[in-house]
Structure formats: structure tokens, C-alpha cells
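In the form predicted on its own, a lone chain appears below as C-alpha cells.
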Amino acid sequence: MGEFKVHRVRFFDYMPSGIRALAYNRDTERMAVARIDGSVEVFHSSDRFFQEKIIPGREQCGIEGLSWVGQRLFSAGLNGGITEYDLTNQKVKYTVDAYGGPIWTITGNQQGTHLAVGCEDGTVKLFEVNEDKIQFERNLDRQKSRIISLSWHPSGSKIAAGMMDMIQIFNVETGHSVHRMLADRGVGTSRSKECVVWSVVYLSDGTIISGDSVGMVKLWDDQTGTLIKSHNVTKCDVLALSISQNEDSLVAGTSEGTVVQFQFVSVVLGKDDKEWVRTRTFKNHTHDIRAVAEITTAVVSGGMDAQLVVRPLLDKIEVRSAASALRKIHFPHRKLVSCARKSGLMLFQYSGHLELWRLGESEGKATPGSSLFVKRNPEKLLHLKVKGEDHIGCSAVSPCGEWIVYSTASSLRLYRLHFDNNNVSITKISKLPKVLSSANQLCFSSDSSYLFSASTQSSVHLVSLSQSGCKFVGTLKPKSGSHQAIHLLAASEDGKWLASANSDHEVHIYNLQTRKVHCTVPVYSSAVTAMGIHPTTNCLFIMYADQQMCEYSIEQNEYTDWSRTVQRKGLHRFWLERDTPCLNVMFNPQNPSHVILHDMYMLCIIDKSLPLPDDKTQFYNQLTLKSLPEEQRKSHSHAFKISKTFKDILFVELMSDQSLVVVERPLEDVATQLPAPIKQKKFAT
């Protein structure tokens, strides 16, 4: 596999933000996720739940709800505004004040014509969805308490509103309340507390289902305004509800961290009479579940423990595959770390600041697997705070370690570092070219003489860097006319080529000498998760979300022979069944046939000189090879060498001195920084 000196970095205290809301678009198969820090992410459910888009948050944003209207995404929150997102360029499009105080819930009707928001002042406000913007239409009858939850009837004629101690049904046409249904406060000491109706779902047959703070899931009749049936789900709160598309399955998320499923089934065999029956309980969270969504074949849930859990519903899956496996998404599918490969520096990206660290040094030699004596500890050199309320979207440090750049939704800032013995000083480059207003992705050339900034409409701006400052050189534009944002950039070692990948799965390769498109890699059905250009062969190596890979010769403008062999023979099923995407591609100059990859759980070296494994071959074979004599090892070797020594990997990079930097963020450390979960009585405690 090859021996490397490894820097195990655990001083990046990245803390994922809790999940506050989910919204699923069945037409486009996209899941939108809103987090407590105000960021919004979009996952592609049929592409291994790859995180296609990330819209950074803002300070004091406080999103409480998400809603799709067609292919448009809206959010509302405690700042009292309704926000529409520009998903193409991954930023906020506009924000409209609802003038009702903090907004607790937002939902769109199935017809795609109106949005309803529930406000602190007790009003349900209707907004008309126009082509370019939303427009306030009118208020429904004002109530005495805040509106916590809303649900449209599929016909769009009625709205159910959950609030303190009651549920109101509104006629949308008249704006008046049709029924008022009182929620029971429970028994014992809880009777003195208000019952909060956290979630409501309105079914096409007129049934209203509610989840409340007493721990009940209740079914109501909208014609008579009476309670049909109650299900005691938990002693704590039922915080979220979601119904399946054909209304035969309901899931409820609780503050205990459990998801409870109800199904509309025949209780007596052979009879048509159906009832809602509690059928399954899933326990995949440690903290409150703030949002649930039932999609075609799975239940998606998220909450205070910050993980997005995709739990397959096996009764709805015909063929078992990697796509139908339990999936837990802990970290972003983007790089939060960048390395100055030539100077041993690391830049850590947090939401509101950057940290620059110098790696430690060791001395002596040791056997594989053992630890080296640390001669100099890692050192924090810089803490750079962001000005303004916008969070950082992307950042980079140059290979030489002299330049730092970061971008928010509204600004881009470039700094120059000066090292004088142990002192570090920083200078802001004040006069930036006007085109550098903000960026979706940032990258430096290998000699640190150019900055590449991915802008709107899949274009890339080139900026030359020198002692005197920076100068705009030109803009690279694709011929395809795609408007989607670029999420990956890769520059070649010789400074001749630049590759970009966007959300349309297009990979464009530019000639930096002519500043024109050289070629475009054939578009594949899955998203690009990582790519890199080989330093000697100038071949582009690409990893996809479905774990497929390809190697494309830039100079020959075709797939390489090795890549065609991979496509013809296929990859081992153990490789294809992995549930986290590869996030970086590296090359070892001392072994040109080696490609180094990593995902969250493993580090892999692909040796292209060895044969590919088939499904009959033992995939994880390192221990077997060690036990065999030297002469027999070659016949049992294959191209994939996997190491699972490291835990919960955020980032891996191969430095210029042939040492590996592995940034780990153990999930146990993340769990210790979460707020305490609800205390539950357990047996024998």
C-alpha cells in the first residue's frame, strides 16, 4: 500500500449545526434541509443523498420552516421574513417581511399558487406566488395565540392551524374559522401546562392528524370538529409529522429521538374497514427530532444531534441495494479544510471565522502503526473573524502559504501573510477587481501565482497574484451555457489546465494559456464528488456520488485505457455499497500509478498497475496478504488497498514532503458538545 508519515489532526473543532426543518420535492427528488445556523442544503435523494447545494446561513437568521412551490424553495423564521432562494447560484434571492412578528411555520398549497405562514401575532397570512416574487394577499381571522403549525387541505380550500391548546380550521375563500377543536392537556401535573400543537397534517378525506406536547397523535374529523382517536406515542413531545404521498402511512418524530410509524390498514382480514395503526418505532437519534419527511421508499429525519438519517422502509423496496441501506449524514459533502502543501499550513473553515495552523514536527523513525516522538507541537497562527452577518461559503490557502481567501454571499476577501521568525502578520488586499464580489468555489494555482474564483453561470474568474497585489486577467466560460453553480475546481501541477464541475454534472476543462474551453468530459448521471489532475500524465481522475470512477486524458480528449477497463469490468460490490462519497483525489509523485482517495470511514490507494478485483475476490485483503509468503502475494493482490485506521475523516491531503495529513472529527467528540438530551428513566437505574 505504501508507507507514509501521518499527521493525525484532531484540533479542528468543527461542530455541525442542528437540523430545524425538512421539505421534500417529489417531482425533482430533492430534499431541502434547514439548519439552526440559518444554512440551507439540498440533497438529491436518488443520487445516494449527495449534498448538491449549500446556501450558507446568516447570524440571527432562525429558520423555522421550509416549503417547495414547484421548483422554488421558500423559508420563514423568527426574524419575521419569508425568503426565496436562488438555487442556481446558491444564495438568497430576496426576503419579504410578513409584518406579523416571528414566523413559526410556512407551507404551500398543492396547486403551487399560495403560501401560508403562521405568525406570532396570531394571524395566518396568505401570499400569492407570482413568477418573479411573492405578494401579500390577505390575513385569515386573527387568533389570540401564536400559530405554531399549518397544513393545507389537498384541494386548497381549507387550512388547519395548530396553536396553544387548540386546532382551528379556516375556510380559505372567506378567511373565517369553520371549527375550533380543543386539545386535551393530559393528566396529572401536566394539566397546568399549555398543550402545544407542534404539527398538523390535513388529509384529502377530511381527517386532520395532530402531534402535540402531551405526546399524543390525534385524529380529528373536519366536518364535525370532533376527536376520532388518540394514540399515546411518548411521555414527551411529538414535534413533527409527515404523511406519505398516497396517505397510507404517517411518521411522527418525538423529543426522545424516536420516529414512530402509523399505517392505514385493515384491522380485520378480508374487510375494507381501515384504521390508523401504530406499526414501527425507529431509534436512530439521541436528541429531539425536529423534522421528519416520508419519501417514496424511506423516512428522513433530523434534529438537534445534527445528523440527517435516511431510514429505508423495507416493505416499499423491491430490490435490496446500497441505495436502500440505512444512511446517516454527519458532515458536509464539501471540503472545510485546505492545505498549504509546500509550507505545512492548514486553514480550517468555521461558519464565522477561519483558523490557520502550522503542523507539528516529529523526529526519528518507527515501525508502521507506531507513534513518533513529537519535536514541535502544532501551533495556531491566526484567528480571522468574518465581518458582517453572512457566514463563510468557501475558503482556500495558497500552496506556498502566503495567501488566504474566503467568500461569503455578499463579499470576497483576500489577505497576504507575512512570516517573520515566529511572528505572523496579515495584510488585507483592499483593491480587488470588481468581478470578485463573491464566489461559489476558490482555488489557487500550484505555484500560487493565480487565484481561480468560481462565479455565476458556471464561469471562472482568473486573477494574477504578485507582491504589489492582484490583477484581473480574464473569465473562463463554458460553451454549454449552463447556469448552475460550480462546486469543484482542480488545477494541474504544471499550471496549464483547470477543471470545473457544476450541479448539472458537467465537467469542463480549460486551457489556461489560451483561456478557452479545451474539452468537456461526457456527462454522467451521477454528481461529481471529487476530482484531481495527475501531476505527470495530466489525466483527470473523477469520483462520482454513486461510487463510480473514471480517468480522462486531457491531452488526448478521451477516457484512458484503464478507465475503459473499469467501465467494462465494473467495480467490486463492497466498493459500490459504501454510503459516504469520496471527497478528495490525490496523487503520489513517487508512485505515478497510485491514486489516493478518502471518504468519511476509509483511506484508499488504488494501484492502477494491479488487476481490478471482481465480486469473487476478497476485497479487504490486507491481513490475508500479510499472512502469505512473499512469492504468493502478487497472485492475491488487487488494485484497491483500504485502510480503516482513522475515524470519522473530514479531510486528507498529501503534502510536498510525502507526509499525509488526516483531519479527524470523532463523532464521540461531537456528541459531548451537544446539549443534554431529555432524561429518560431506564430499567434498573
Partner chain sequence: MSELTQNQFESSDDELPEEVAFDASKSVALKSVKDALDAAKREKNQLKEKRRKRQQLFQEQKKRKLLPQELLEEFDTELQKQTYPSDNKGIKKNVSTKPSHNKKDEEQETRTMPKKTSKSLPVSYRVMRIKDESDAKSLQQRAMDFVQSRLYGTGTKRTTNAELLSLKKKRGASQGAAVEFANKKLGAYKKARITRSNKRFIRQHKLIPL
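What you are looking at is a predicted structure, and each value in this text was computed from that prediction instead of being measured. Numbering follows the first chain given and starts at 1.
We do not show the form predicted together with its partner chain, though everything after this point is about it.
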| item | value |
| --- | --- |
| Residue among 79, 459, 232, 279 with a heavy atom within 4.5 Å of its partner chain in the predicted complex | 79 |
| Sole residue of 202, 104, 348, 587 within 4.5 Å of its partner chain in the predicted complex, by heavy atom | 104 |
| is_contact(residue 198, its partner chain) in the predicted complex, heavy atom dist at most 4.5 Å | yes |
| Residue 213: touches its partner chain in the predicted complex, heavy atom cutoff 4.5 angstroms | yes |
| Residue 542: touches its partner chain in the predicted complex, heavy atom cutoff 4.5 angstroms | no |
| Contact test in the predicted complex: residue 164 vs its partner chain, heavy atoms, 4.5 Å | yes |
| Contact segment among 232-240, 391-399, 477-485, 133-141, judged by heavy atoms lying within 4.5 Å of its partner chain in the predicted complex | 232-240 |
